[in-house]
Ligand SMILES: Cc1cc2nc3c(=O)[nH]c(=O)nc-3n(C[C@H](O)[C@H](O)[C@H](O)COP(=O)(O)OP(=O)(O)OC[C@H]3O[C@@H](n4cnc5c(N)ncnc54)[C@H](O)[C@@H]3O)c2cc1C
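This document opens with one chain alone, in structure tokens, the form predicted on its own.
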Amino acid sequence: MSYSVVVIGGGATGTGTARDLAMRGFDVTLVERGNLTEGTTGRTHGHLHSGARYAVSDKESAVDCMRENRVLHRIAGHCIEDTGGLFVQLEGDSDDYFERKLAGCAECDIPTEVISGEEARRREPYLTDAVERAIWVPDGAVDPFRLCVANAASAVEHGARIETHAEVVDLVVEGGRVAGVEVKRQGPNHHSEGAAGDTETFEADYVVSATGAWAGQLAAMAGVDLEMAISKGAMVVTNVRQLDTVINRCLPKGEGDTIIPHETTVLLGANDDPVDDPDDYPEEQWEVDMMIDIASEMVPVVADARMIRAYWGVRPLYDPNPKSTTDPGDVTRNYFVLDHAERDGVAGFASVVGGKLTTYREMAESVSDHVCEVLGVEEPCRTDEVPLPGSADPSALDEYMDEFDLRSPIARRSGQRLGDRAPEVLDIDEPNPTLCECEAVTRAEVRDAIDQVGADLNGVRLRTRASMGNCQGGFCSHRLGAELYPDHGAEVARDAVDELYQERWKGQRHALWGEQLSQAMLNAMLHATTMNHDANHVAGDENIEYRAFDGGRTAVPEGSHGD
């Protein structure tokens, strides 16, 4: 018998859980109120932790991070950039803490190398002269969008159904157990099925909440009291990549003391301030300024960089002993599977809370093990062995580069993003121009993404990085919209471009000074003045009297020379 499971949440843990359960033979439906990565996953800084950050204060999390770091290198190679990381000690920083960090790493099986300040600056020339020494650790950068999409794709390959833009508005509770979910569609799903406002009920033998910071709100629908310890963090994105290594400050507690290279950019962040509502919290300018100030203590050139956007995310933390913790920085980064039958007397329902992006797979495995135990299914987890789509054979990437003569930087980046999917995406019979110059995204990649997500340019963005570079969509948004037109028509393409504009604008408004302000004004001129997107009569109800316009130049009577 195949049991049905509904997984709520389209982030890394949710898609990872859907994949795990589907691979074990369950009939899985994943529901997500927005697009994949809509919540915390899409608003992290993509730090692939070695665990060194927690090696002194939270050893259990440190061990988990190092173990999963190794697993992700095996199964998700095309989502990872192996940058390495440095914990730098600046003049005046504690010698004692430096030694405790080293000892903690050793205890947690985290490889380290102590290097001098001179060697650290040889590896990263923009580091401040105040660096006295550093600890190298196997940190890295992980693309959270690509990772999440790969998990969802694998889940679908194993029979799961992914329902995006389907918000859970209620849990179906019958006889003391959760028997399903009721969803309200926010719009068509990626199969273009359904419409905004439609409601639907998915029955299930078991329901898993992988909603992260929203777990308390979701649990309340079943009458369960679940208090999360969520906190917000601001992150700032520069327009150039000044570093190739993850940089951390070697201090006991730090906010904004991590700098992570990502594709063509560098991310600065993040602070750690508690909030009550994951959907409603202040995004304040002082947080942006603080991220820049702290990062520039380690890498002074950051202060002069052009900031292209800032964004905030909420950590899905859970504190099992809230009365013992007074500082949000002390809340454990460990994860918990909460069996609501045992904890709250509500059967058929579990929440997986806490954790980090690096440990998403282990979280998914743990909650899937729990579902198996409850339903009496004996199928082992295989997600630590089976590569995700695109990572089946990372060594084949160079062969594909040769096969498709991918030697230009743009083509090479396409190959790196696609991994072993490069042949099926890039082997086309027509021209393949670059649509997004900032991120080097070609038409073939965009069309492949449209095939996956339909007329959703934000979904295309998550899969390709198109519109995520210096111009923030200024020069490529209309090109992406044009790719929608042949199959979806003008109205759908225009709405999708507008939605992409709005999404891009959200992050820019906190970084509008200097050159980025000039870029934003240029974008406004392009989109409003040239393309008329601020007053498009086609999108409104206004009837245009075309006959009132000048009919154009008329023929000049012969013999007339004007006045």
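Please read these numbers as outputs of a predicted model, since none were measured by experiment. For every residue, the number given is its place in the sequence shown, counted from 1.
Although not depicted, the form predicted in complex with the named molecule is the subject of the following passage.
Residue contact check for Glu200: none of its heavy atoms lie within 4.5 Å of the named molecule in the model of the complex.
The named molecule in the model of the complex comes within 4.5 Å of no heavy atom belonging to Gly348. For the chain shown alone, Thr211 is a contact residue for the named molecule in the model of the complex, at least one non-hydrogen atom being within 4.5 angstroms. Looking at Ala155, you'd find every heavy atom of it more than 4.5 angstroms from the named molecule in the model of the complex. Of the candidate stretches 422-430, 211-219, 378-386, 248-256, only 211-219 has residues with heavy atoms within 4.5 Å of the named molecule in the model of the complex. No residue in the set Ser61, Cys108 and Leu338 has a non-hydrogen atom no more than 4.5 Å from the named molecule in the model of the complex. Note on contacts: among Gln508, Thr44, Thr29, Gln519, the single residue with a heavy atom within 4.5 Å of the named molecule in the model of the complex is Thr44.
This chain is drawn without the named molecule; in the model of the complex, the residue among Ala440, Leu357, Ala76, Ala305 with a heavy atom within 4.5 Å of it is Leu357. Along 132-171, a non-hydrogen atom within 4.5 Å of the named molecule in the model of the complex is carried by Ala166, Glu167, Val168, in order along the sequence.
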